[in-house]
Structures are given as structure tokens and as C-alpha cells.
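Just one chain is shown here, as C-alpha cells, and it is the form predicted on its own.
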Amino acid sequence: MALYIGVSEAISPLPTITLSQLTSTLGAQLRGDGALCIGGMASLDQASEQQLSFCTSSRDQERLQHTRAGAVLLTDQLAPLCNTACIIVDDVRLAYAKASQHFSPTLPPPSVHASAVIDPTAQLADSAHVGPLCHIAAGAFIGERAVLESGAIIGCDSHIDDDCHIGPHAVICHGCQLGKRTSIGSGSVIGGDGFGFAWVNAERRWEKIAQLGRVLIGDDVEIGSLSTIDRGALDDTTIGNGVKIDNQVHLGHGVQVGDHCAFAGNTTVAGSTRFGSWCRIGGGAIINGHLDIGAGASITGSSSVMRDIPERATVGSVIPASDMRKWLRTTTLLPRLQDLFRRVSTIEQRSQSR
């Protein structure tokens, strides 16, 4: 049997584009030489004459005036401060996002590596790319232009729709479904068993509850590296369209996420919690199970959420870091707060009765 060590897939060179072409693509205005070719992006400090940069604030005025970038994305208000070519836009961050996609490297043309293991009953589009040491199980479906990088595992009866990208060593477990243009980062696991057990008191042990649901993911979803989304215990775990999930996020079994939500890294959500559309969850948040998080709600980083949150609310519970001596004094007071509250209430009542 052949042994593949350190196998990597070839990445195509970054494409180049003229400033005129890029400006037209962005629907922007150009001030400068439209024939100049741009071959990548970098920060104002690091960009070369063949690279594009961006500036969002007048606080970066000095960096903007001294940049060596071939061109800079900026607003009309910042353009007079720039000594190089300018691409003038209304929303710099949005223009930066669109421009960056042009310079993202692409994988090689459709192919199936000799080391891949594909069950005869699996359906694989001719335009798909399957990298080294991938495994596609029985009944799985791989759509047009889908990319499976090295070591990806697709479980039986899973559905990977058109233009999906499965990163190295990511696992899509049995029966799960991914919508169009969805991306799964390296090492993530979609559809692993949820944390479900029944306590057997007489025997002082746990009895496993079979996790019978699936994970259903919509279109244009991006999930970062080493994230885990558990399959439902009975009902499916569902992720809506356009959802963005950072690295090392855990969504428990039966969680339901509406369209265009965003979860920053290290967020943990317990089972059966429901999110409306457009929610924003800060990094390191911990969210209890069986809650309703209203549409448009925002949760700040490191918050601990134990109750339902109404629509468009912004909540947070983190205690900011402070001087260690002050923090120690504060923590000694915390156990006494209830007693202090009662004493103050008693004093107030007595003063009011006089």
C-alpha cells in the first residue's frame, strides 16, 4: 500500500488585474493610471507598487501619505491625503472584501487523487476535485465544482452541494447536508453526536441517547477550522443561509441558527437554543440551552447567557480586567452583597418611616 507523507495540493499563482478592471468590478472611481497591474493586497505599511491597500480612517493619515502601495481603496474624504493612485468607494471595508476575493488562490482543475477512497454508490460530479487520502462513503453526493482537500471525510448519504469547499481533514458525518457555496475549515466536524445521556441511578452510570437527527446547512455558509456542530438528538440541527462561524466554535445538538448570523471564535452554544436571523455573537460567549435569541440580537465577547434575549437587544456580562489589588478587594465583597443589600434596604425603610 502506498504511503503519502506531506502531500500538498498545488495552488495556482495569484491573478493580476489592472486598476481600470478592478475599478469597474467594484463600481468605483479611479484616480491614477488605469493600466497599472495589481497582483495582490497588503497593509499600508507593507504594500509594494504592485499591490493594493486600503484606508478607513483619517487616523492613518501618516501611513497613507507614506505608503508604497500601487493603489489604495478609500473614501472621497480621504483621497486628498493619498500620494498614490486611489480607488474611491463609499464603503471601504465592503470594497476591500470584494477586491480580496479576486486575489484568493484557487485550487487545481477537477481531479480525483489516486489515494482517495470513493464508494461505488457515491455520486461525484465530473467537475469536482478530490484530494489525497479523502474518503467518500456510500450514498454520498458531491456536487459540481466542489473541492475536497486532503484527508476530508464525507459520511454515508451526505449531500455536498455545488461549489462547496471542504478543508483538509474536515469530517462531514452521515446524513448531513451542505448548501451551495458552503465552506468548511480544516479539522471541523459537522454532524458528530450531541452530548446526550440518561442517568441510570440504580447502576450509577450513564446510558447513551442515540442522536437521530442530522445537520442541515444552508447556502453561502462559512465555518472556520476546528469547529464542531453536533447532529440533533431527534430534530435536525439547522444553520441558515449566509451564516459565518469562526474557528473553534461549538454548537450543540438541535441548535437552530437563522440567516446571516455571525459567531466569533470559541463561542459555545448548548443544545436546542434558537437564534433569529442577523444575530452577532462575540468571541468566547457561553450560551445556555433551550433559549430563544431574538433576530438582530448582539452578545458581547465572553458573555454568559442564561436567559432569552429579545430582538435587536445588545447584552453582555463580562467583568473587564482591572488592577489585581482592586480585583481582589472586589471579589471579597461579592459573597457579602446580599447581606449588604438587606442592610441598606433596612436603613432606607427606617429613614422613610421617620
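Everything numeric in this text was worked out from a predicted model, so none of it was measured. Take the two forms, find the largest set of C-alpha atoms that superpose within 1.5 Å, and that set is the rigid core. Numbering starts at 1 and runs along the sequence shown.
The same protein also exists as the form predicted in complex with a further copy of the same chain; that form is not shown, yet it is the one meant from here on.
- Scanning S58, S48, S43, Q65 against a further copy of the same chain in the predicted complex with a 4.5 Å heavy atom cut-off leaves one residue, S43.
- This chain is displayed alone, yet in the predicted complex one of T84, T238, N266, T75 has a heavy atom within 4.5 Å of a further copy of the same chain; that residue is N266.
- Although the partner is absent here, D90 sits far enough away that none of its heavy atoms falls within 4.5 Å of a further copy of the same chain in the predicted complex.
- Contact annotation for V305: at least one heavy atom lies within 4.5 Å of a further copy of the same chain in the predicted complex.
- When contacts are judged by a 4.5 Å heavy atom cut-off, F141 does not count as touching a further copy of the same chain in the predicted complex.
- Though the partner is left out of this view, P110 does not reach within 4.5 Å of a further copy of the same chain in the predicted complex, counting heavy atoms only.
- For the partner-free chain shown, D193, F195, F197, A198, W199, V200, R204, R205, W206, E207, K208, I209, A210, L212, E222, S225, L226, S227, T228, D230 of 193-231 come within 4.5 angstroms of a further copy of the same chain in the predicted complex, judged by any non-hydrogen atom.
- Core-superposed comparison between the shown form and the other one: the CA of T331 stays below a 2 Å shift.
- Once the cores line up, the CA of S345 ends up 2 angstroms or more apart between the shown form and the other one.
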